[in-house]
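We give structure tokens for two forms of one protein chain below, kept apart as structure 1 and structure 2.
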Structure 1
Amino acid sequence: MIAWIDTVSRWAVPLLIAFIPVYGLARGVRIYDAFIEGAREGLLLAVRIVPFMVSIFVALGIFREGGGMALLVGWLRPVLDSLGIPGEVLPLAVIRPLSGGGALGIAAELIRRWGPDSYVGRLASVMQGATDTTFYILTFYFGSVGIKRTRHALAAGLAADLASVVTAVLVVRWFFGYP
């Protein structure tokens, strides 16, 4: 099972990189022009991410270096340990439903600080990829058609966010063989 999943991870990106241009050409797309146009947008996107990165890196840097992180993790240790969640990913779990750019910043910081192939780094990677910005989608989508009574949509979205944190922990521990 794990070997099979690992094969999927290894092949997914190369196969897509080969498949997409072939598919595009077959459908009559001018693939090189399309690529350049999209790539230009990618550059703008990267520039737009910079403020998010700096704001989050600085806030997290102050929180950690100042000693706030150690205190918080110390207080919550009994709860976190029983769930197997490392305290370091706590800010990511809190910010993920609130701000897409903010969450990306935290994931980037954790991956940088702890190393991409560490437990925290892998967990942050999976958590970042597995959910979306619940509050943003809710306010934006419902707001666009003037819905005020959102009923159980927020509760369902947050339940999914919580579930994704727990499943990320379980999947990463199972897949990479952490105790």
Structure 2
Amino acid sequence: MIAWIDTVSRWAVPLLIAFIPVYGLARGVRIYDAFIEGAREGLLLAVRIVPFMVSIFVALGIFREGGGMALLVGWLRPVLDSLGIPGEVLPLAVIRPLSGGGALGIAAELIRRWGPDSYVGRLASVMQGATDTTFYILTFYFGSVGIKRTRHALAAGLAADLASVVTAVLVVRWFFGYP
């Protein structure tokens, strides 16, 4: 049974990649022209969203390097301690909606420093997997189609991120028996 699943998983992507052009040819699609047009559109999309991405990364760098993150952790540490949440994971919770790469770096540092089996390490791992890069998603998808007013999407995304952080804390405590 396991060998069959392994074989299917090994061949699924190559077969799908081969199927798409064959299907296009059967339908009379000019495959190379369609590919070039898609690549052109992708490049134009990338050029349109670069200013939005640069602004997010610059703001994030200023916030971290300017001491804003350390100040925020210091202010919220008493509240976090009373809730049983280590202040060390707050930078991850704050950075994750902004930057997946930045959050991954913070999570890796937390795991290296505290260990993968520690409360901080496990919480960082679950938070990394449970939350999303809200600002990146909004910038990419709304910026790619020219939407300037995001209305309630930002609030909904940040509310989902907050719910994910709270749920990560509860799940790690419940599964691993932390107080």
Partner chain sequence: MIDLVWLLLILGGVAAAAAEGRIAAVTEAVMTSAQLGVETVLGFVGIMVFWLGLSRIAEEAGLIQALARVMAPIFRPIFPSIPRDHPALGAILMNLSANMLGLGHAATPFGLKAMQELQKLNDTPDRATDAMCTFLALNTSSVTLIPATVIALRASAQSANPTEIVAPTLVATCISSAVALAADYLFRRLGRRFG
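Since this is a predicted model, take the numbers as computed values, not measurements. Numbering for residues begins at 1 and runs along the sequence of structure 1. We call the rigid core the largest set of C-alpha positions that still match within 1.5 Å between the two forms.
Deciding between structure 1 and structure 2, tell me which is the form predicted in complex with the partner chain.
Form predicted in complex with the partner chain: structure 1.
Large Cα move at residue 30 between structure 1 and structure 2, threshold 2 Å, rigid core:
Yes, the C-alpha moves 2 Å or more.
After superposition on the rigid core, does the Cα atom of residue 73 shift by at least 2 Å between structure 1 and structure 2?
Yes; residue 73 is a residue whose C-alpha shifts (by 2 Å or more) between structure 1 and structure 2 when the cores are overlaid.
Could you tell me whether the Cα atom of residue 16 shifts by at least 2 Å between structure 1 and structure 2 after core superposition?
Yes: residue 16 shifts by at least 2 Å between structure 1 and structure 2.
Mind pulling the C-alpha shift for residue 42 between structure 1 and structure 2, with the rigid core superposed, in Å?
Taking the core as reference, the C-alpha of residue 42 is shifted 21.1 Å.
Backbone CA shift between structure 1 and structure 2, residue 82, after core fitting (angstrom):
A shift of 3.2 Å.
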